[in-house]
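For this one, two forms of the same chain are given in structure tokens, first as structure 1 and then as structure 2.
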Structure 1
């Protein structure tokens, strides 16, 4: 049929087209612009308009039905009544070198009482005097008549002890580092954090909303790799790089692992990659170093190179609360920006008095005390290593060690059995407890803590009991 076009058709098309063009030449301007506008409108409608969401125009009845039908989840999920947290031991008396549970006294290797200051008569005496002068509570935040002269004294003493310009104290150990990190590091900043840090640091990091780069625990090569990667990104956009602050968050002695951070190399890298170092010395303060001044003393590093040292008063010092020391430039900022400092009641004066007296004792006893604790830690480490069937985590001079069962036997159930067995032999130890939403949940372990007043016989007894427990559990 006529599917192909004849020459005449083509000619007539061409003529039509020519006429069209001619008509354009003669058409008034408004006509042409209107045509162009219509064409553009069609193109926009077809390609660019976002389909508008169909708005819910519900009737009142439908809305009420939705409200009636909605069922919330229960506020909390059900809890196993046998969970250990609901069946904790009840303690009596002073929890010092020995602890009384259900009327029986046992040797205490479970509390962070490194220097045996719990129950120290001098400290208790000072606390009592503080209650007689100041009462118990401080009744206000630091900004509103909650600053008591004893707080100022403690801050000065801590700064002097560390040979830093300024110190600042907090009323709760957990809140210390958790408030410090968000005070400096904001949304655009970068945090290089060791994976093995404890939970309070993880919460501080979360609260800061910064970019976090986790590096493998105590792995300097991994840290260098991350720093080098960041440097490459910085070179691509140097203007932006000049506004991003960088921080390295580490612990002096890790609570979850018992090992010491490789600080010297980290300080070298600090000047190469231009980041600031915040160390949390909760465990290493009062346990490591010739005079108990922590990892900076242990490695003989100038404390001016560390931007901020934070620590807890709840471990060696035997009080409650936390503190941070550093240069005035860094520390003073917290007085207006750290939420746990500004918006919380200040430390009760009796706890500050206890901390000051503990510092006095630390300064008086100085080197002999810390040499003792380091050498006892080494001896305990050796003894534990000699028990076949356990693997011991932690540095040899660390008074905090993690004990695991060797091979694949390491389960919480078996460790709990060991703890219970030890309790029957009057040794109190504990399985390290973590919440399930830790960034890197450590493997189950028993956390052994050395008290400086433990004698060699007592350490020997501990090892004997651990050996017997091992036999019982693996048979």
Structure 2
């Protein structure tokens, strides 16, 4: 038997319902929203959610058929068997002013042996003595029993050469600047980078995970535009701006273009917009300036105004590895944070000994050596400009030049034909090579490297061969 509701029961229910409505009025909005969401979720689960289909188990035969049909993706993308990297020219003997290819000697305008130190008898003798004293390798990173006294001597000599407080050496040229940039610039920092920098700098920029602002190659106006835009953003959020570090990343002499950076104006902007300057002098070290000390010497700029100078030991010095110089405060940070320094086996002692002796020769010959290479670079530049049909890229004092053909004629294929023709005339040159993921892929070009020992007659012969090659290729 069911009991009938009394008047009192009805009044009680009405009161409870009224109290419930009043509680909704005073409850926070997010509380009501959450309860509505829960009610809707329950309704969906009860009435609208489809039950999960029971997966049918495959038979052994069906499994085998699927396995037979599956085609794995290739481990690497297909490569053209005619790719230059798979068809290298094999050299025999010392890669100096001349090289021997397939038993035939030719003038070498292809390698970065600017000062002809590769094969230098004094340097070779010092390397032999180092092998006899230290052995061949070091077999340990600098922080783990890989530091040898000759490493410290080389670092001290490099710092003294550049008139800086301290130097640091790396065992591989590419990893030098690629390790330095991410050691200082971190996430949320800002890098102002010339879009024409070489690949090692690009990899360092990428590894830093910083915010990157690329400016047009050697374009001061475009750089200042980016700096001014950032200044406006900083004024809108000064609290955030105080936590952001800013760096300018440039080359002294650009390996992909052969031109010199406008450093004086960049130094002026540094004090206006408050950024740090990192400059890579891999090509300009040992080639530019009255005593080979790079673009800071060429422009007569106090090196204390440059926060960090890095360079390779693999070009003018003719050894292996790289280095950086600057204040002790800045350089010492790399000993704990630069991956190429911390985790790579240290530079083999024989290569450190070779680099020290190369520095000795540079200091002994000093002005005459570097005046010679700059004057020969000017003469070569003038001779190249006289050849109709080529565009000459690079500063006149740069020992590195890029040659391009006019307009539609400037293709890799035609440039390769010129290189091959030159080889038949005992001139070794090369087409500049780049990876496909470069930030800015330069136009195809022939890269010419001047060796300081080249005579005027040999430079004249180079230009004659280039003219003959152009006529043959374009006829």
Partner chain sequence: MSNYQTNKPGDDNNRTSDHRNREEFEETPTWAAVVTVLGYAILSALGWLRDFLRHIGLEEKRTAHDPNPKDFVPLYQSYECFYTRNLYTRIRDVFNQPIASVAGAKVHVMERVSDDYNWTFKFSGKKIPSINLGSYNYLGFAENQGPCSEQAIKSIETYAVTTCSTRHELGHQRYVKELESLMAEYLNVEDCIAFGMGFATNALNIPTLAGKGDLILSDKLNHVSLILGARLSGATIRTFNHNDMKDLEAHLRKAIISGQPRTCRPWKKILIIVEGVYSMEGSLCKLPEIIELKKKYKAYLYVDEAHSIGAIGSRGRGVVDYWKVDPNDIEIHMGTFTKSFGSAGGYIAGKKNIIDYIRVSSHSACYSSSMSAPIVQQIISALSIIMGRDGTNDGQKRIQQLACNVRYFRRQLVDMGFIVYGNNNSPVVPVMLFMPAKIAAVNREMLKRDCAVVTVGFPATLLTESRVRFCISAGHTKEMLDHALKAMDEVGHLVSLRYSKKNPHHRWVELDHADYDKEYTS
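Between two forms, the rigid core is defined as the largest C-alpha subset superposing within 1.5 Å. Just so it is clear, the structure is predicted and the values come from calculations on it, not from any experiment. Residue numbers count along the first chain shown, from 1.
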{"item": "Structure identified as the form predicted together with its partner chain", "value": "1"}
{"item": "Flag for residue 467, CA shift 2 Å or larger between structures 1 and 2 after aligning core", "value": "no"}
{"item": "Large Cα shift (2 Å or above) at residue 11 between structures 1 and 2, core-fitted", "value": "yes"}
{"item": "Residue 31 C-alpha shift between structures 1 and 2 of 2 Å or more, rigid core reference", "value": "yes"}
